[in-house]
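There is one chain below, alone, in structure tokens, taken in the form predicted alone.
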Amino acid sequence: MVDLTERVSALAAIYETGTFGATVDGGPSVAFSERRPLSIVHVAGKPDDKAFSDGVKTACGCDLPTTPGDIATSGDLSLVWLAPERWLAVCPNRGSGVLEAAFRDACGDSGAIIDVSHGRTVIRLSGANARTVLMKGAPLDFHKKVFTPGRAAQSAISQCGTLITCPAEDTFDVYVFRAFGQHMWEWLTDAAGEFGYSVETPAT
């Protein structure tokens, strides 16, 4: 019998590791991988509510980032600012509902907590031309002095709403709704074709 609770990547049908695109001196300058499996929880509440802010810190180990585009981290968990009263908590998979339960237990009725792990596809791209690939689609400033590690921004790429984070220099994670995962993958890899690109094994 098929386990209907098993998580299957939205990219499963098209994901293939290897080297693709143009052949260039020095090899591919963009690398892609899907980040999975992940635990992703949408967190909403009032940052000036002590019960909520203390609960979030108890659940994830870091203070709420309150500046637009900021990311707070604690170990392998990131807490990404989305809007004045909304954040996204992301970490390697902790098991079904575990991260959500941690926030619910810690925040009680002071926050609105929703597990969205199944509803997101996260694509990581890195390398010397990763920023150039993203510039082709998102009207954001990707200059190295502006979009620095520890920053996030929301924008549209190929008419799809995205959250883009920068976990390290010349490394970006693109979050998109699962239904648009395959389209986003195809758009990004097509945009990277002129530089040559590699597809690596999925990893958290």
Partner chain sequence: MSRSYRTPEGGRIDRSKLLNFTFDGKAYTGFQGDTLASALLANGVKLIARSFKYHRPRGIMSAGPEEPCGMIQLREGNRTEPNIRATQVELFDGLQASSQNRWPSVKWDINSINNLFNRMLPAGFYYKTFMWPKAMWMTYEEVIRHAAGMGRSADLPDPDRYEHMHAYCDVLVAGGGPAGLMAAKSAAESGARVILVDEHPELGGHLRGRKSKVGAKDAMDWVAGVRAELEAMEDVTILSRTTVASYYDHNMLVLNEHTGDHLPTAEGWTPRQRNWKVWAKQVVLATGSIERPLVFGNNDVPGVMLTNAIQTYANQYGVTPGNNAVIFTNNDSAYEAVLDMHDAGIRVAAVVDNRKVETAATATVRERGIPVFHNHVVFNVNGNKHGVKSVEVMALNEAGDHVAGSIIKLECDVLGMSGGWTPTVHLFSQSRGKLKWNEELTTFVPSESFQQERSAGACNATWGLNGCLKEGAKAGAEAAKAAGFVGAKAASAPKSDDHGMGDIRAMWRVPQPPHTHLKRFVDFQDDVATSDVELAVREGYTSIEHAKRYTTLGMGTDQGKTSNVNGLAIVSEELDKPIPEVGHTTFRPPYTAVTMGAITGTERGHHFSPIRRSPLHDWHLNAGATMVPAGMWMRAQYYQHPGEGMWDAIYRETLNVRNNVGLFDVSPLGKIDVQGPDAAEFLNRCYINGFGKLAVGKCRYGVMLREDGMIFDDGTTSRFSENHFMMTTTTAKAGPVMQHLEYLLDVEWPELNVHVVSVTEEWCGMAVAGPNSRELLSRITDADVSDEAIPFMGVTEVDICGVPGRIYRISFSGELAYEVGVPSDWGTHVWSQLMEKGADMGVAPYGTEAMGIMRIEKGHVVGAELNGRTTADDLGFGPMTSSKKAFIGQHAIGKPAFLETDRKQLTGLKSVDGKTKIPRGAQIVADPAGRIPMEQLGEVTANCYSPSMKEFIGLAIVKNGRERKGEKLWAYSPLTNEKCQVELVSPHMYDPEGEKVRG
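Numbering follows the first chain given and starts at 1. This one's a predicted model, so the numbers in the text were calculated from it and none came from an experiment.
Keep in mind that the form predicted in complex with the partner chain is not shown, yet the notes after this line are about it.
Since only the chain is shown here, I'm wondering whether Arg104 would be in contact with the partner chain in the predicted complex (any heavy atom pair within 4.5 Å). Because a heavy atom of Arg104 falls inside 4.5 Å of the partner chain in the predicted complex, the answer is yes.
Would you classify Asp48 as touching the partner chain in the predicted complex, given a 4.5 Å non-hydrogen atom cut-off? Outside the cut-off, so no.
Does any part of Pro139 reach within 4.5 Å of the partner chain in the predicted complex? Heavy atoms only, please. Within the cut-off, so yes.
Does at least one non-hydrogen atom of Asp76 fall within 4.5 angstroms of the partner chain in the predicted complex? Close contact is absent here: in the predicted complex, Asp76 is far from the partner chain, nothing within 4.5 Å, heavy atoms only.
Within 167-204, which residues have a heavy atom closer than or equal to 4.5 Å from the partner chain in the predicted complex? Read in sequence order, the residues that approach the partner chain (within 4.5 Å, in the predicted complex) are Phe177, Arg178, Ala179, Phe180, Gln182, His183, Glu186, Trp187, Asp190, Ala191, Gly193, Glu194.
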